[in-house]
Ligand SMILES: Cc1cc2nc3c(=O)[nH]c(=O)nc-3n(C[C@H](O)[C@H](O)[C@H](O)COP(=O)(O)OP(=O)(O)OC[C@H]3O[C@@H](n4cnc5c(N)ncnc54)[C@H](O)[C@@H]3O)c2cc1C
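The data below hold one chain only, encoded as structure tokens and taken in the form predicted alone.
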Amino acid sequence: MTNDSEERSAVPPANNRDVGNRLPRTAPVLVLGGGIGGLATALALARQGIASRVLERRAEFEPEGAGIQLGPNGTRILAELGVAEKLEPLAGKPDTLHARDAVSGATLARMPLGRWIAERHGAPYWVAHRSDLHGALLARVRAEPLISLELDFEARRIDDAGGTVTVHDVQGRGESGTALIAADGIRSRTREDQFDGGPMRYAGKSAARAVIPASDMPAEIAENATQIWLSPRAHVVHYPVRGGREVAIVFVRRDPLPSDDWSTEVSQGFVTDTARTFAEPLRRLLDRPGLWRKWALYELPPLATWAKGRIALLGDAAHPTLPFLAQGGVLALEDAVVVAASLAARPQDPASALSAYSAARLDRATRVVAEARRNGRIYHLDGVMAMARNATMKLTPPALLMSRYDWVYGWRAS
């Protein structure tokens, strides 16, 4: 792996018109999962002239979820997929990443975002409500004639017969295609059934999320910034969403009781009891939400490959990451454009194409996962180590601090 800010994928792009003419229209690529990764994959395939069928377990999509940060490596892809224009009015566009000590409230660093990062990497840094991003992707999918979407399809069994892949659902229906991309999340049934991946491991932390009106922000800390507050017991991240009208808040703490789903409702005390020693403006912010929902943070053992025959994993099904680098959703976007380009470059050999996709993505995803885990440890340092961290952040030029992540934000698919 390399620190080169222009790190590239090994999969070459294909000529859209040629690919569209060569691929059989009657045999779509199946995409299992209609979340961010699955919808982006379908759009990336359509951009290469490849038809797809998205199979989603839910009977309907509900507006839920937390905020999501989209670095230039993500917004660049959204622009390529025709999604950025619809999302842009709903996105927050912070000027800075403001790191603070959660107990004292002192500023540790103000790292540049806004124009600085857009000029450096050729695309902006946005923050958004996850449901707004999903809605923008879904609208684009529904307008694309090369994509069909089937809801209420809960996969039970997958058969790779060599020439086709067939997915059978719990109601006895079957869907067949030239390949299957499983974007079915960290609890992926495909990963469990088709790959020897091992069980999930609880990371010992949970994240609580809430969204409040921007007018409820304490005046002392209201600014157009992504703010992160660090302490040994917990850390807090908040940023503007919905075009600056609302603020998404994420509170991460140690938690002995992991939940099994994405939306477990928790009492105010889950947050405020841990935050008793925090700076007063931050405590007031954490008092504002009327509802907090939490999700437990899990990890999975890494896989040697994400491809097996005509089946491949994508996004959290392949490489779940802790949220401490804000790259989980963006990694899925990167996967989407790489797997689509690989299938387009090898239209007669899907198995080889999926193997090439896995090889092209494995090192980068592994590095991002490791860096996110490392950030989580840094955020919760205590004692002398926390003092050293704070001193380093205060003394290092802000642009230099931010440039350490050029390898993340500068990624391009080709």
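For every residue, the number given is its place in the sequence shown, counted from 1. All figures in this text were calculated on a predicted structure; none of them were measured in a lab.
Same protein, other form: the form predicted together with the ligand, not shown, and the subject of what follows.
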The ligand in the predicted complex: contacting segment from 324-332, 212-220, 138-146, 92-100, heavy atom within 4.5 Å
324-332
To verify the annotation, which of these, G49, P347, G35, G65, has a non-hydrogen atom within 4.5 Å of the ligand in the predicted complex?
G35
In the predicted complex, does each of A44, K86 and D132 have a heavy atom within 4.5 Å of the ligand?
no
L314 near the ligand in the predicted complex, any heavy atom under 4.5 Å?
yes
Answer yes if any heavy atom of F270 is within 4.5 Å of a heavy atom of the ligand in the predicted complex; otherwise answer no.
no
Does the 4.5 Å heavy atom contact test between E56 and the ligand in the predicted complex come out positive?
yes
Examine W292 and determine whether its closest non-hydrogen atom to the ligand in the predicted complex is within 4.5 angstroms.
no
